[in-house]
Ligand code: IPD
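The chain below stands alone, shown as structure tokens; this is the form predicted on its own.
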Amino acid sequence: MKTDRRMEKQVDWLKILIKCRSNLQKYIAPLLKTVNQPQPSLGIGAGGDTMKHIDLAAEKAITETLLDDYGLSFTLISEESGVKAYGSNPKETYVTADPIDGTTNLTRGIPFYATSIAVSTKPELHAVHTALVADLFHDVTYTAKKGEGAQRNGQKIAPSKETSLEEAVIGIDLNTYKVHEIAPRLTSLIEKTKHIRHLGANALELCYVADGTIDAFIDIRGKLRTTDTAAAWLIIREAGAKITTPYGKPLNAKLDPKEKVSFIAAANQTIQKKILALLKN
């Protein structure tokens, strides 16, 4: 534990992640002009999705920033390349990244996509201590450091105080072939709610819970990877919102491109309890 704390103090991870974001934006800028055109097949990434040139360019920007700009040792846990060790002591730091979250939105011209990067001392969710989720279209960056709160473009954020399901804006991800299995669990909740949304980049949508843009976000598919959620998990907690399993238990998981999670993220305890009760019913 002492080694972990020294590492966190010696390296300004927040500064480094912001540099990663800046370099990533430079790397992908030339590709944005043709991203909606047919792309060559680059195979299947570690997370199970088809890789695109822009995804790999974004990942390269992150790794080259860490290696060339800062000379760091780390283990990269990426949705594209999987788990890779870099440097002489890669187990001292784990960097979990979804280089482009919302690639389908990006390629179709839908202005809702992000990059997500989390830093941890172990390959598990509870060990994440620094996080960044950057909205790459609107130039909005969410950040958090463990014990220091969460920010949006440098300004402290807090979740909404909405407690009425009828008035709440709630995101629900139903994007799965198994929708007939999970829909019955959600019927009671949907009947109580007027404002259902899903925007297509889950890391960014979780940050919308953190800053009060929406009041809850639910994903009970068991399909979302921990690479998508690692950074937003810390941002939500540091903002003061709630994120648990669909049964109200603390959310923890191995950080790995193949590891999947289900969760309830809610602005406050009152609305979270209402959602949990309806899911149980």
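Residues carry their position along the shown sequence, with the first being 1. In this text the structure is predicted, and so the values were computed from the model without any measurement.
Form predicted in complex with this ligand: not shown, discussed below.
Student: For this ligand, considered in the model of the complex: do all three of I77, P123 and T226 come within 4.5 Å of it, counting heavy atoms only?
Tutor: No, the whole trio is out of contact, none within 4.5 Å by any heavy atom.
Student: With this ligand left out of view, choose which of R221, K52, K60, R237 has a non-hydrogen atom within 4.5 angstroms of it in the model of the complex.
Tutor: None of the other options qualify; the answer is R221.
Student: Only one of S73, N175, T107, S164 has a non-hydrogen atom within 4.5 angstroms of this ligand in the model of the complex; which is it?
Tutor: So the residue touching this ligand in the model of the complex, by this definition, is N175.
Student: Evaluate T103 for contact with this ligand in the model of the complex, applying a 4.5 angstroms cut-off between non-hydrogen atoms, and reply yes or no.
Tutor: Looking in the model of the complex, residue contacts with this ligand include T103, since a heavy atom lies within 4.5 Å.
Student: Find out whether any non-hydrogen atom of N202 is located within 4.5 angstroms of this ligand in the model of the complex, and reply yes or no.
Tutor: Yes, contact at 4.5 Å.
Student: Using the partner position in the model of the complex, report whether K84 sits within 4.5 Å of this ligand, counting heavy atoms only.
Tutor: Close contact is absent here: in the model of the complex, K84 is far from this ligand, nothing within 4.5 Å, heavy atoms only.
Student: Would you check, heavy atoms only and a 4.5 Å threshold, whether K194 touches this ligand in the model of the complex?
Tutor: No.
Student: Determine which one of 129 to 137, 155 to 163, 207 to 215, 93 to 101 lies within 4.5 Å of this ligand in the model of the complex, judging by heavy atom distances; exactly one does.
Tutor: One stretch meets the cut-off, namely 93 to 101.
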